[in-house]
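Only one chain is included here, represented as structure tokens and corresponding to the form predicted on its own.
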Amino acid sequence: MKMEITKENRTWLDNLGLSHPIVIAGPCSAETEEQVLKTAHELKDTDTNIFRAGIWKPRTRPGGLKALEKKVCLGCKSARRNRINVTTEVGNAEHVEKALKYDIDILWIGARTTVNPFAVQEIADALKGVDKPILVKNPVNPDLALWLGGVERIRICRHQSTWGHSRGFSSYKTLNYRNKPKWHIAIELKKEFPDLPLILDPSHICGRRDTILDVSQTALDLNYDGFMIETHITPDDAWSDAKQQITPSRLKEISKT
């Protein structure tokens, strides 16, 4: 199936100075201002269009990672010195307010938020009148209706700059993947929204860095519009998801493959 970008989304790409396919890269977690700036600087020499960093992390258990919010927000904002747009995850209206305050370019709704229509609606309401692109990740479980509903809620309250974001689906039995890709669900999403650009998150699907290239190639074969790949200056020392993050130099190698 040919996945084409509509005139509206093509304009959106042009306005942000982005090329196609999209490459979103950066650390799972924004740990320090220094880490954010150094990673963004090293990504300058790759095909990265958008810098990602998790500022507000939805930790599974209490007492987990807490980013130094103000410092890393300022770090993300400063990352634009490398002529790169910045994106982060928002889980509620308060996150939206803070992201707008620090002028984050692009926001994404995470898998744990998409599963909750109340939370998605809260975010959608907070974004009324805001001209910023939104990426909607699939829900944690393979529920197409929830994913469709998340996209619809954002589109109803906003314009057409909404993207689908596939990061795989949780399962108790995983052999080759951390989260099963279930490619057919993304294809069904595209049938409902043919104009919806689709981004793949191979990092969360793979759960380990050595298989990212193979999964990314499958996405290219299916005409995905881009990727979000977790990238860290020292992956083994990352505060979260260390096994699935790659270095900027490895990202550069993958992009040339």
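Numbers for residues come from their place in the sequence shown, where the first is 1. Since the model is a prediction, treat every value here as computed from it, not as a measurement.
Beyond what is shown, the protein has a form predicted in complex with a small molecule; the following relates to that form.
- In the model of the complex, the small molecule sits within 4.5 Å of a heavy atom of R52.
- At a distance threshold of 4.5 angstroms between non-hydrogen atoms, R167 is in contact with the small molecule in the model of the complex.
- When contacts are judged by a 4.5 Å heavy atom cut-off, W108 counts as touching the small molecule in the model of the complex.
- At a distance threshold of 4.5 angstroms between non-hydrogen atoms, K180 is out of contact with the small molecule in the model of the complex.
- Among the residues L198, C28, C206, A219, the one placing a heavy atom within 4.5 Å of the small molecule in the model of the complex is C28.
- The partner is absent here, but in the model of the complex a heavy atom of R112, alone among R112, K132, R80, R155, sits within 4.5 Å of the small molecule.
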